[in-house]
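Consider the single chain below, provided in structure tokens and representing the form predicted on its own.
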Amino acid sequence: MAFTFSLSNSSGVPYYRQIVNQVIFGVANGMLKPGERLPTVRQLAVDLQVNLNTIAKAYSELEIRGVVNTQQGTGTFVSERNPELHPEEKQKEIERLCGRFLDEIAAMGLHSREVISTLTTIIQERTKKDTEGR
């Protein structure tokens, strides 16, 4: 499955920052592999229906951080080294994602208690797969 970007206009986080965060976490979680080519600035702008400058700003920040390398005429690629996540950034992103998840659960009329056992089962299954895969 290819990595897909998505933007939330209700999160309060600027679009370029959402793109930066998605790439960093995609790399950190192994969803984006070293050497993998990212969409062109133009293509991602069209896909996400945002201004080219928004994507260019995100890619520029990612390049400054060493997360990606841009090769003129070839494209933008994930760097060979993984970005280091600061513990505060990681915790903030976990809280943001969990909050968003709980908001969606509530919007469906479900209580978070109803979801805990399913979530626990999924985590156990994934842990089991990871352990068996080693």
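Note that the structure is a prediction, hence the values are computed from the model and not measured. One rule holds for the numbers: they count along the sequence shown, beginning at 1.
Only in words, not in the display: the form predicted in complex with the DNA, which the text now covers.
G75 is the sole member of P34, G99, G66, G75 with a non-hydrogen atom within 4.5 Å of the DNA in the predicted bound form. Although the partner is absent here, F25 is not a contact residue: none of its heavy atoms lies within 4.5 angstroms of the DNA in the predicted bound form. Although the partner is absent here, N51 sits close enough that one of its heavy atoms falls within 4.5 Å of the DNA in the predicted bound form. Q71 belongs to the set of residues with a heavy atom inside 4.5 Å of the DNA in the predicted bound form.
Of the heavy atoms in R42, some are within 4.5 Å of the DNA in the predicted bound form. Stretch 52 to 60 is the contacting one of 99 to 107, 86 to 94, 52 to 60, 26 to 34, since its residues have non-hydrogen atoms within 4.5 Å of the DNA in the predicted bound form. If you take 95 to 129 and check each residue for a heavy atom within 4.5 Å of the DNA in the predicted bound form, you get nothing at all.
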